[in-house]
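Presented below, as structure tokens, is a lone chain in the form predicted alone.
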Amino acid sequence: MDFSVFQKIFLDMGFVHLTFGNIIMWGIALTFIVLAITKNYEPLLLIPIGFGMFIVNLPLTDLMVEGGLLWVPYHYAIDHFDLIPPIIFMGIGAMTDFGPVIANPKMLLLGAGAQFGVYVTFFGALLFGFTMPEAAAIGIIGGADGPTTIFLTSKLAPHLLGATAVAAYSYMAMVPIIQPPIMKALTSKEERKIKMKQLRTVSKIEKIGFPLVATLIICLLIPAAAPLVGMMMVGNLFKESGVVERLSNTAQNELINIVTIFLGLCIGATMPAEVFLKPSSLFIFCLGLVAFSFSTAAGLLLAKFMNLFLKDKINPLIGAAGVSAVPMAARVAQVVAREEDKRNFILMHAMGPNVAGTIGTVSAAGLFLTMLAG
């Protein structure tokens, strides 16, 4: 009897090739999935990322080898042609109301100020021995914008894509955990109780003109930001024009949902144990936390500084919403404000720096691309 056939069948079983690293990654993947389901932390992202991480750490599945099921969308839609991040930005634009920014343009300053953590971490990563392209990919995590992080990393440091993307989406999901302690440490109870005047009504003409003007200015200043800015603004134009409801609905729903599924699975699948469980990857994860924390603090402190010169004071909590985790960061600002005064409603004010932060992070990514893309 030829036992070689049975031997081959046995050796082709996945459990024979299991490593301790695989088991650790299963634990991390399941943590993502549990947090998404039980805590509602960015479930649309963490569930597919967690499952992608889980399945790629099953030995011999070959999903990410050339021609594999997840390698195809990853290679052609993320790594090679950068299609998925701009498409996601189209959906984000179609779901975004830029009214709070138009009504109070000062919020653009808070969105820009909250990018401080991006640049601090960029220089910090250089000090720790990362190359300039790697440092830029790590620093952009501070913007808490997953698609922008993926877009920039795929162009400057594709070998870090899994670590930076997972870090960015993780910190986006953990905004309700990370931000409140920083908010409370840097503000007084009196500051958190500040009530802001109701925003003025923004006209339809202003809302239609904003995506056109914003695209014109940003793309003339930073042409490299055009793929993300252009798609975000055309999505917003779909929404605000009021005459292409089908396109707006598709961008907000079917299209962004489809690409989010593949994005999450593919990003999770870039994290096999041998890649993620390395000191450099874990260090990137820690640097991402530093970047996000500095961005939160910078937005708060800038709001406090602006209050020195403003007659109508800003609740500094909205400065923390300058990170571009839309709309989670704005909601967290509202929750912390209501802890001090249940009648204080700052959500719409916080949405101003929140969406401005998205523009700021995209602009920072475009600047890095202009400086460093070879």
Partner chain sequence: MIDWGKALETFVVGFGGVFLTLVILQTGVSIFSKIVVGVTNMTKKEG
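Bear in mind the structure is a predicted one, so any value in this text is a computation, not a measurement. Numbering follows the first chain given and starts at 1.
A second form of this protein, the form predicted in complex with its partner chain, is not displayed here; the remarks below concern that form.
Contact annotation for the candidate site: 108, 126 and 206 all lie close to its partner chain in the predicted complex (heavy atom within 4.5 Å). Scanning 186, 132, 290, 255 against its partner chain in the predicted complex with a 4.5 Å heavy atom cut-off leaves one residue, 132. For the options 282, 243, 177, 221, the one in contact with its partner chain in the predicted complex, meaning a heavy atom within 4.5 Å, is 221.
Stretch 116-124 is the answer when you ask which of 116-124, 87-95, 263-271, 74-82 has residues with heavy atoms within 4.5 Å of its partner chain in the predicted complex. Contact check for residue 213: a non-hydrogen atom falls within 4.5 Å of its partner chain in the predicted complex. Among residues of the shown chain, residue 356 is one whose heavy atoms approach its partner chain to within 4.5 Å in the predicted complex. In the predicted complex, at least one heavy atom of residue 364 sits within 4.5 Å of its partner chain.
For residue 371, a non-hydrogen atom is located within 4.5 Å of its partner chain in the predicted complex, even though that partner is not displayed. Residues of 295-329 that come within 4.5 Å of its partner chain in the predicted complex, judged by any heavy atom, reduce to 302 alone.
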